[in-house]
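Let's start with one chain on its own, the form predicted alone, as C-alpha cells.
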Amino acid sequence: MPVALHNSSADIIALANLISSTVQEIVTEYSKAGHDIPSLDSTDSGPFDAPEKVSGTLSKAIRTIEAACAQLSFTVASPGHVMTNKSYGYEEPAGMLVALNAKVADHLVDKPEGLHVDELALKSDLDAGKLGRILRMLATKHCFREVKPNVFANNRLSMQMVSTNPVSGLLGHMSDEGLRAGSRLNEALTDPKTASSTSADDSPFHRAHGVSLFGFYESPVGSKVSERFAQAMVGWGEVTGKAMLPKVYAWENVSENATLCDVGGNNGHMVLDLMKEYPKLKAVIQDLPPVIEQAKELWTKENPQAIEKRRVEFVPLDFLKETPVPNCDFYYLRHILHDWPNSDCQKILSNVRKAMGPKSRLLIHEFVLQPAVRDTSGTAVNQAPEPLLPNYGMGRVRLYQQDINMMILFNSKERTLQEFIELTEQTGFKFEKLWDSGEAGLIEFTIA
C-alpha cells in the first residue's frame, strides 16, 4: 500500500506561517521580561541564556523555530544540495578545535573592532592564511564575525569558546576525542567482533583511542586533557539545565526534612541549587570515594551552611556493586543510565530498589527520545504541531545526536519513555509521571 505524501506547497506555507506566528511569541516573551532579543553580533549575556530561565512557552517556541526553519529549507532546496552540506558537517567541529586550541575567542575578548588574522596567527603560532580560512568558515556559520576582510571579532556564539567558559571544555571534548571516536563508528558496527557488543571495550571510542572512555583520562594522552573533560561536564550541566531540578518537580509539597539521595551524583552540583531553593530538604551525595572528596570541597565552598547544619551527607558508593543509603524519600539519577547497557542499568536500579522504603520515589533525569513518526493512538505526549516532525526534528536534534554519542563513547544509549518503563518494571518499579524539564525529562517511579 503506497504511503500518503504531504502536499509540499501546503506544507511550506504552513511552515512559513508557523515561523511567523512563533517569532511573535518569542518577541512577546522578551518584551514581558523587559528585554530586546540579543543581536548575534553582541557579546553580552542574554536574559534567557541559561535553560532554567526560559519559560515553557519560550522553550517550545524556540524548538518550533529551529524545527520549522530546518524543515522549510530542506524542503525547498535540492536533495543533493542538502545531503552534500550534511556530509561536510565534520569540518565545523574540526575548525572549532583549531580555534579553541589557539584561544582565538580569548584573544578577541574586549576587542569589538576585532583583530587581523595575521595578529591572531602570531599569537597562536599558526599559519595566517589557513587560520583565516577556518575563521571565515566558522563566521559563515555565525560563530565569530568578520568585521572587515580578514579581521575577526567575537559574537554571542564565539563567546562560548572563551577558555573560562565551561562550555568551551564541552566543545573541545566533542571536537577532539569525540570526533576522532565518531570516525570509527562504521568500523565498529561492521566488525563481527564488535557489531552487536554493548561493552565499552568494543566501542568506537576504544577503537580510536585504544582504551575506553573510563580509562582514557588516566592514559598518557588523555591525562593532558583531563581538566578539559572535567570542565566539559560542568559545561554539559549548564547547557542541559542543571538548575532545572528545583523548577520541575512539586518540591513545595514535599515534607520538611525529606531526604534526596543523589546516586552517582558526582560532586553533587546538580543538587546544590535545589538545596538552596528548598533548604527544608536534606541530601545524600553518593559516588566513588575520590569523587566524594571533590564533593566535600565543592559544598564547603558553595553551601557551607548545609554541612554545618548536617543537611547533607557524603557517602562513597559503587552503584554497580553496592546499595545506596537506605530509606531516603527520593533516589535521584541524572544522566547515569545513558552511560550503561541494559544489563548494568538493571544492576544499578536493583540496588536502588533494595534501598527504598515503601514510600520512596525514584526520579530518573534523562533525555527521553520519541519516534520520528506521528503517534495517532492518542497516548503520545509532547508531539510537535503538524507539519513538523512529531519529535520536533531539528528543534530537539541534540537528543538523538547524544544517543549516537553514547553509542560512540560507551556502546550505550539514550532511551524512549517506553524503554525506561520496561527497564524499571523489570527491577520492581511502577511508572507514575513524566515531568517536562525542558530538554530532558524527569521520570517519576514508585515501588511496584
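For clarity, a rigid core is taken as the largest C-alpha set superposing within 1.5 Å between two forms. Numbering starts at 1 and follows the sequence shown. Here the structure is a predicted model, which is why all the values come from computation and not from measurement.
Just so you know, the form predicted together with a small molecule exists too; it's not on screen, but the next bit is about it.
*Using a 4.5 Å heavy atom cut-off, which stretch among 259-267, 148-156, 109-117, 200-208 contacts the small molecule in the model of the complex?*
In short, 259-267.
*Contact label in the model of the complex: residue 320 to the small molecule, heavy atom within 4.5 Å*: Yes, contact at 4.5 Å.
*asked:* So in the model of the complex, is the small molecule close enough to residue 344 to count as touching (4.5 Å, heavy atoms)?
replied: Judged by the heavy-atom cut-off of 4.5 Å, residue 344 is well away from the small molecule in the model of the complex.
*the small molecule contact at residue 336 in the model of the complex, heavy atom, 4.5 Å*: So residue 336 counts as contacting the small molecule.
*asked:* Taking any heavy atom pair closer than or equal to 4.5 Å as contact, tell me whether residue 177 reaches the small molecule in the model of the complex.
replied: The answer is no: residue 177 has no heavy atom within 4.5 Å of the small molecule.
*Looking in the model of the complex, is the small molecule within 4.5 Å of a heavy atom from each of 273, 328 and 331?*
The answer is no; none of 273, 328 and 331 reaches the small molecule.
*The single option of 83, 77, 288, 189 touching the small molecule in the model of the complex, heavy atom within 4.5 Å*: Of 83, 77, 288, 189, the residue with a heavy atom within 4.5 Å of the small molecule in the model of the complex is 288.
_Among the candidates 340, 314, 299, 249, the residue which, in the model of the complex, approaches the small molecule to within 4.5 Å (heavy atoms)_ = It is 340 that has a heavy atom within 4.5 Å of the partner.
*Inspect the rigid-core superposition and answer whether the C-alpha of residue 109 shifts by 2 angstroms or more between this form and the one not shown.*
No, the C-alpha position differs by under 2 Å between this form and the one not shown.
*Once the core is aligned, please say if the CA of residue 315 is shifted by at least 2 angstroms between this form and the one not shown.*
Result for residue 315: yes, a 2 Å-plus shift.
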